[in-house]
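Before any questions on how it binds or moves, here is one chain, the form predicted on its own, in structure tokens.
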């Protein structure tokens, strides 16, 4: 999620809200209508892409979800003001251009004219302001805008953002995550975002059920494409079943591949493997508000007992890089720091000094992210070496999210997807006031460093701040990091124009079916 989930969030530490009536379909348009508005032919070149995803979106509201499954669908329905390009720097989307004042406290965005929402209304700066205000007040990503005093619709197509302090990462905060989507002001005021999805993106939502979500091409999309008539998302949690369905032609695209088969499949002519080093990370976190995990030395003991390399190999084979921090090697913000390794003797010494023995850990995972189940099995074996028992609790993702939100766990394992800026990797998860700090971590030094990093405009000085923050977070074992995975997707040879992105975005605007 979150994957947040993305939140995921991904999965990130992710929020949960029921979609519709908790499993029934939400019919948002006439199902008998053909492609395009009112059944008219759209600009698409033809064909419906059948895409298999590992779990059901938790909701339709793009501004409150942090579920990666929700974003896989909704980022084809909505747009953001800016979006990551090939090098992950921000490029125009609904905003065509922008400039800053000399003191860096005022950002002025010129918005794209002639953009239409799926309900036929015109996109203006009022929609941008309403969306951003909603995000700050009620959304899952309001924490990104601590530096913002106000959003102002200067005229119909000019958005001005007034800051109380310089924000060197403002563009990234506006565009790297689909939780920053722009929705119609009218829908926000009416409170209908959870019931229907009305964006400016290349596809519009037709229906949403427990196992199938249908999109159709939006004929009035402002950009190039789409080239499909529509997309049908099918929820298939089992990776092996997804792959079989792809190989037999029942689906055209899948969001993941069994890791043990990636290398062999890369040499196959029967399908295409999309693989890129991503900016995701996977981890375990212990409940700092429960004994004995409130003791940093106990958390550190568990970190010493765990072998990230073994977890990475078991969960992802050769499609992951072990890492004891969050940020991967491919990022400018990467900091090489690995204080734990795999040292059961040191782990046992810390446990003995803390007076902890006979410990049993309730480790919560979800089968909708099977790598968490695999990781938990390896962790169970490794912690047994130091006398710690692990009860693996496997939940469906909706229950996992609810239990995390209520703090009903000793430990959980998951991943965070779609990170770019160091603030994405650390603030919401580890600041004492972070909205996704479900483990209850609180450290004054970390708070101070993360606050400094948000306002430091010199890039090298900013990196030095985040290097210190990363070391402190690791040393205190707020998260126990495992690895950075490659992003691996697969599709049939007749699917062209699709690209696996390091940003973890799933966009089918350029995709074609050529049979």
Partner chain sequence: MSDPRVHQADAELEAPSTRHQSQWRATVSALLANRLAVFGLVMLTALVLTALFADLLIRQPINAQNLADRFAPPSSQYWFGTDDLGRDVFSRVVVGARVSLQVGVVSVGISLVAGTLIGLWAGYRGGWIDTVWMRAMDVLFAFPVILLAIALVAVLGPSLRNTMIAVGIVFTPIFARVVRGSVLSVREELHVRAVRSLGASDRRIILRHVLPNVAAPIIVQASLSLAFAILTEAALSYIGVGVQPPDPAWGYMLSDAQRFQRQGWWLSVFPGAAIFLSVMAFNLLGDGLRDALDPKQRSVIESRGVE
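Because the structure is predicted, anything quoted here is derived from the model rather than measured. Residue numbers count along the first chain shown, from 1.
A second form of this protein, the form predicted together with the partner chain, is not displayed here; the remarks below concern that form.
Engineer: State yes or no: in the predicted complex, is some non-hydrogen atom of residue 112 no more than 4.5 angstroms from a non-hydrogen atom of the partner chain?
Structural biologist: It does not: once the partner chain is placed as it appears in the predicted complex, residue 112 has no heavy atom within 4.5 Å of it.
Engineer: So in the predicted complex, is the partner chain close enough to residue 322 to count as touching (4.5 Å, heavy atoms)?
Structural biologist: No - in the predicted complex, heavy atoms of residue 322 and the partner chain never come within 4.5 Å of each other.
Engineer: Determine whether any heavy atom of residue 370 comes within 4.5 Å of a heavy atom of the partner chain in the predicted complex, and answer yes or no.
Structural biologist: Contact with the partner chain, yes.
Engineer: Since only the chain is shown here, I'm wondering whether residue 394 would be in contact with the partner chain in the predicted complex (any heavy atom pair within 4.5 Å).
Structural biologist: Yes.
Engineer: By the heavy atom within 4.5 Å rule, which residue out of 153, 356, 378, 198 makes contact with the partner chain in the predicted complex?
Structural biologist: By the 4.5 Å heavy-atom cutoff, the listed residue in contact is 378.
Engineer: Sort through 170, 314, 185, 386 and report the residue having a heavy atom within 4.5 Å of the partner chain in the predicted complex.
Structural biologist: Selected option: 314.
Engineer: Based on heavy atom distances of 4.5 Å or less, which listed stretch (203 to 211, 278 to 286, 239 to 247, 422 to 430) is in contact with the partner chain in the predicted complex?
Structural biologist: That would be stretch 239 to 247.
Engineer: Going by heavy atoms, what in 260 to 293 lies within 4.5 angstroms of the partner chain in the predicted complex?
Structural biologist: In sequence order, 260, 261 come within 4.5 Å of the partner.
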